[in-house]
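One chain follows as structure tokens, the form predicted alone.
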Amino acid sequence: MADINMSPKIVNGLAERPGATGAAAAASEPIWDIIELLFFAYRDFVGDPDEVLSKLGFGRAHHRVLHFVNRNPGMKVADLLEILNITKQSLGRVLKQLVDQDFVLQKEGAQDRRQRLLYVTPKGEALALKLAGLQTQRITRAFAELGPGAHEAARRFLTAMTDADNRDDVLRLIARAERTARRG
């Protein structure tokens, strides 16, 4: 019986087939099932919120902005740009729509008036929570199917999928948002 805890050896970015040697190992295939499952999982994970957002004329960029501003009240626009890894122009367009429709509020920094600090309005918070609720329902159903330890296993997997040079920053951002939520 094969050891299911063994990770496949990676050669040139491809998973080596168990038992493959030499040229056969080097010609291994991509991990198609996981690649495709990630595509389908993402499609479904964002699909429920996409329906809500489309009725408002918003898209996934609006969702991401609302999510991170809601979880990190008072965040700087520069920090949001870094998190989302999008251009200033793209963020500017999305932010303008969210501000104009009273979902997000921009304030000047107390020490540096050039800083733009972002906050969700009550309307923005309600939408962010509605979208997160839809995604939480999907995650909760999946965890229930997988049983005990599913949350921690998923957290470890997704953390490992994050680029190693960015991983600590991502985990700090999540921890900071969790501390802020507990205080609020």
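In this text the structure is predicted, and so the values were computed from the model without any measurement. Residue numbers run from 1 along the displayed sequence.
Another form exists, predicted in complex with the DNA; not displayed. Remarks below refer to it.
Proximity to the DNA in the predicted bound form holds for all of N85, Q106 and R114, with the criterion being a heavy atom within 4.5 Å. For H67, no non-hydrogen atom is located within 4.5 Å of the DNA in the predicted bound form, even though that partner is not displayed. The DNA in the predicted bound form is approached by A61, whose closest heavy atom lies within 4.5 angstroms of it. By the criterion of a heavy atom within 4.5 Å, V94 is counted among the residues contacting the DNA in the predicted bound form. The DNA in the predicted bound form comes within 4.5 Å of no heavy atom belonging to Q101. The partner is not drawn, yet in the predicted bound form one stretch among 114 to 122, 29 to 37, 155 to 163, 142 to 150 has residues with heavy atoms inside 4.5 Å of the DNA: 114 to 122.
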